[in-house]
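What follows is a single chain, given as structure tokens, in the form predicted on its own.
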């Protein structure tokens, strides 16, 4: 059963398997093991960005496509559900309509961009996707009558997902099972299911062709595979998965805006997650996204503790000041890339007997 869920692609390392299991159990039991609004928010962000990083790994790691438009599809998902909920009400019907519209829009754009641009070399395709993503970000900021402009959109969800709605009268393991917990498990369950779908795709014959195209596009073409078709399909699949991640993120935040879904900083974050975790592994997206989100969320608190602990030592308290957390975050990533040139998953698999 477990092997079928992993699509005949086991972790291949006991330490890697233990790490993946720890992430899965931690996310599954997050409301009970890590109580508190902040911890639950961090867990939801980990689940969303695991899916988003895995969708980008399908392009970069398995197909060799360097795209800077991935946050555009992430944003289309967020705006799809946000505009629908803000315009048509908070019912399940409006959410479903907005989700379907966002998926259709992403598929059409990804197909058009892929079909027209994937015939060019990698760097030129990257520039084209960067231009398209910048255009969409400007469009979302300027069409304030529809998207809310720079302020974004706040919207309501069905009452069953409201934090004030109690699902059961008595607390379970000391936790009130309310709509916020239900929202979390909706995000976690959908992200897990979609991640397993992506894992199945990359371990299918279709995924093997993508690997062949990544390694030697001319040889794959000579063997009879139409590389443009395969790369276009991979671009569409990655875009749809990123759109689903945007839908889940907007559903969790009850808000969507340029800063939360369309920012180029998010694109850099996704790239770091994939590179640190290990390109072309899928499991690397799990570890990379988890490490990144945890570091981004708690590194400042750890630096505050370290600064207080070294009080009285020359230079150290100033160097470890919480305001310098971005500096230490950069140092952490440089160290990870230096010591794990093939990603964390690549290093762990290389150490197996």
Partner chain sequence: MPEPMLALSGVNTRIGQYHILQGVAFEVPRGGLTMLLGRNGAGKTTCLRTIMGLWRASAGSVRVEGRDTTRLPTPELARLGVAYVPENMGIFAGLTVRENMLLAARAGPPDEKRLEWVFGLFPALRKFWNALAGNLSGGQKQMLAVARAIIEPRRLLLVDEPTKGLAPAIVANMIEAFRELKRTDTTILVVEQNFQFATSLGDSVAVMDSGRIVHTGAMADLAADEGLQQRLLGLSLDAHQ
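Residue numbers count along the first chain shown, from 1. Note that this is a predicted model, so its numbers are computed, not measured.
A second form of this protein, the form predicted together with the partner chain, is not displayed here; the remarks below concern that form.
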With the partner chain left out here, work out from 141-149, 124-132, 106-114, 220-228 which stretch has heavy atoms within 4.5 Å of it in the model of the complex. 220-228
Heavy atom to heavy atom, is residue 215 within 4.5 Å of the partner chain in the model of the complex? yes
With heavy atoms only and a cut-off of 4.5 Å, decide whether residue 177 touches the partner chain in the model of the complex. no
Counting only non-hydrogen atoms and a 4.5 angstroms cut-off, does residue 161 reach the partner chain in the model of the complex? no
Residue 211: touches the partner chain in the model of the complex, heavy atom cutoff 4.5 angstroms: yes
